[in-house]
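Only one chain is included here, represented as structure tokens and corresponding to the form predicted on its own.
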């Protein structure tokens, strides 16, 4: 029995058929020797998603391939990177379970379409950023607000290729969460130094990012 219900499968098939205009790769770096439920379920979930559309391809590689991980711009493992010919950086460190499943589905659709669900004002402000920005959104699967923050970070990356947007599952990367003093989620860390908390509207989110950068 799969992880997705038949109802979810039918809905996603329809959405992918309607929205995807280009191929999307789910690049998953994992420990091939990890037989934990966490690792097995992540592979199974990605496999089920890839089976729902001819536009979705799953590639699995081992965490030992450090050079490839670096080339992909990733800095943690296990990781999932959603890729296509569209510019943008969308990563998931840890299983995108619970409410974060919607972030993964939206990421696939965003990378496989030409849509950009941001206001013109925010897109203009984002286009003026000329330095690298790494936005990591720490989440837990049970947080109903976290997926909004993850999606905002991902959308920012579509508007400006200098920006990287990533989800980090706080329980799966507990040492990193402690390093950044994550006590509530979503906890957003910018370039590994400053941070703020909350699923803010896109303009407020951008202002906070700029504030942290300054």
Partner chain sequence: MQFTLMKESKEKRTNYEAAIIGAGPAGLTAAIYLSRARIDTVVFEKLIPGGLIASTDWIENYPGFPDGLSGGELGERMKRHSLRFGAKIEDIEVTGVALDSENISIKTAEGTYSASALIVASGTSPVRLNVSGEENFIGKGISFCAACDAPFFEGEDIVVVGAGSSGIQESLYLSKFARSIKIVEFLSHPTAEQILLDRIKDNDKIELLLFHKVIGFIGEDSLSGVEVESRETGEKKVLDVSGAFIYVGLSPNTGFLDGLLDVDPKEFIKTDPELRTSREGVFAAGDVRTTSLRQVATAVGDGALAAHKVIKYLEKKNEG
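Residue numbers count along the first chain shown, from 1. The structure presented is a predicted model; accordingly, all values stated were derived computationally and were not measured.
A second form of this protein, the form predicted together with its partner chain, is not displayed here; the remarks below concern that form.
Looking at residue 148, you'd find a heavy atom of it within 4.5 angstroms of its partner chain in the predicted bound form. In the predicted bound form, its partner chain lies within 4.5 Å of some heavy atom of residue 15. The closest non-hydrogen atom of residue 45 lies within 4.5 Å of its partner chain in the predicted bound form. Contact between residue 131 and its partner chain in the predicted bound form is not found at the 4.5 Å heavy atom cutoff.
Remark: none of the three candidate residues (21, 53 and 159) comes within 4.5 Å of its partner chain in the predicted bound form, counting heavy atoms only. Of the candidate stretches 179 to 187, 159 to 167, 61 to 69, 25 to 33, only 179 to 187 has residues whose heavy atoms lie within 4.5 Å of its partner chain in the predicted bound form. Residues of 54 to 86 are not found to place any heavy atom within 4.5 Å of its partner chain in the predicted bound form.
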